[in-house]
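In C-alpha cells, one chain follows: the form predicted on its own.
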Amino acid sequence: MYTQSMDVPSDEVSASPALSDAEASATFDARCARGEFIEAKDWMPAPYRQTLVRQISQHAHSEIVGMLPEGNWLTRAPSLKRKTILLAKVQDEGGHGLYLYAAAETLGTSRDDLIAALHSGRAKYSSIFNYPTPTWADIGVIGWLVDGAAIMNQVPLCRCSYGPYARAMIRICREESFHQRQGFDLLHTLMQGTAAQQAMVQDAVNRWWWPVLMMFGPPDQDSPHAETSVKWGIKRISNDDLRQKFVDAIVEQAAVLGVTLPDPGLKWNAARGAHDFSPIDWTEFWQVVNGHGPCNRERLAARVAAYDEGAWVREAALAYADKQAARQAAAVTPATERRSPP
C-alpha cells in the first residue's frame, strides 16, 4: 500500500522551478477541481501540506489513543470469544495509526516530531477518547456508535485528494466496518439478556450519544479549516451533513436494538426527509478539546509512559538494524579482494 509513499518529496520537486508560484497554485487548484490524486512528489501549496499534516497526524493520534479505553477491558472480557474479538479490534487500531503515521511522513514530517507534538499537548486527538468505559456495555457502544461515526466520517476520505491518505483509508474503513458490527452484536446480545444488562446498555448509550455527535466537529460556520479543505478535495462532506446522515442511520439501528436515544427532540421531519434533533451543547466539546475532559490527563499520561517504557525496544531494534547493515556491508567485498593469489 505504501510502496511509493516512503519517498519524501525533494526540495527540487517541491519548489516546482518551471512555474511561478501563481502558476503552480493555479495548476494545483485545477487538478483538485478535476478530482485528481496529489502524490507525495507533486508540487503542493504549503498550506495544503500543513492542513494534511495536521489532519492526518490527529487521525493517527486518535487511533493510538483510542486503543486505551478498550484495552482497559481486555483482561475482563466475559468470554474467550469476546476477548479474542476485542484483541483483534485493538490490534487493528494500532495498525491504523501506523498506516496514518506513514502517510503523514510522505509530507516531509518525521514520526518522532508527530509523537513529540502529541506528548507535549501541542497536537490534538479525537475528543471522544477522553471519556471513561466503566461497564462492558461501553465497549459495545464504542463499536456501534463511535466506530459507526468514524466510518461515516472516513468513507469520504477514501476520495481525499491526497493519494497516500486516500489509499490508507480504504483498508481502514473496511476494518472499521467490522468494528461497528462487533459492537452492534455485543449490544444485541446484552439486550437479549437480563433487565440489568439491558439497563447497562441504555446507560452507556445515554452517556455516549452526545459526545459521539460532537465527533463530527463543530458546526460548519465554526469550523476554521472547512472552506479550504473542501476547495482542495481533502473534505468531501461538511460536518453538519455528516452528522445528519449519522443520526438518520442510527435511529433505525437503535430501534432494532431496542434502545432509546437520549434526545426528546429527536423526531422525523417529513418535509426535510430527515430527523430533527436537539441543539448540541458545544461547551462540553470545547472543554474536552482543550484538555479538561474526564480522562484527558489519564490518556496522555498513559501514552507518554508507554513511549518511555518502550525506549529499550526501539534502541534494540536500531542496534539490530545497524548490526545487520554492517554484516551485509562486510559480505559485499570488492572483487579484487576475492581473487585467489596467483
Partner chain sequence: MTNQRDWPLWEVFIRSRAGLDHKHCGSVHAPDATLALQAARDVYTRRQEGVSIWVVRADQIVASDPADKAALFDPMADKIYRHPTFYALPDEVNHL
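It should be emphasised that the depicted structure is a prediction, and the values quoted were computed from it without experimental measurement. Positions refer to the first chain, counted from 1.
Same protein, other form: the form predicted in complex with the partner chain, not shown, and the subject of what follows.
- Using a 4.5 angstroms threshold between heavy atoms, residue 95 counts as touching the partner chain in the predicted bound form.
- Although the partner is absent here, residue 245 lies well away from the partner chain in the predicted bound form, with no heavy atom inside 4.5 Å.
- Residue 54 falls outside the set of residues with a heavy atom inside 4.5 Å of the partner chain in the predicted bound form.
- For residue 209, no non-hydrogen atom is located within 4.5 Å of the partner chain in the predicted bound form, even though that partner is not displayed.
- Annotated contact segment (heavy atom within 4.5 Å of the partner chain in the predicted bound form): 39-47, selected among 292-300, 62-70, 270-278, 39-47.
- Among 305, 33, 311, 26, the residue placing a heavy atom within 4.5 Å of the partner chain in the predicted bound form is 311.
- Residue in contact with the partner chain in the predicted bound form (any heavy atom within 4.5 Å), chosen from 194, 91, 221, 260: 91.
- Looking at the partner chain in the predicted bound form, residues 105, 111 and 321 each place a heavy atom within 4.5 Å of it.
- The partner is not shown here, and in the predicted bound form the stretch 257-287 never reaches within 4.5 angstroms of the partner chain through any heavy atom.
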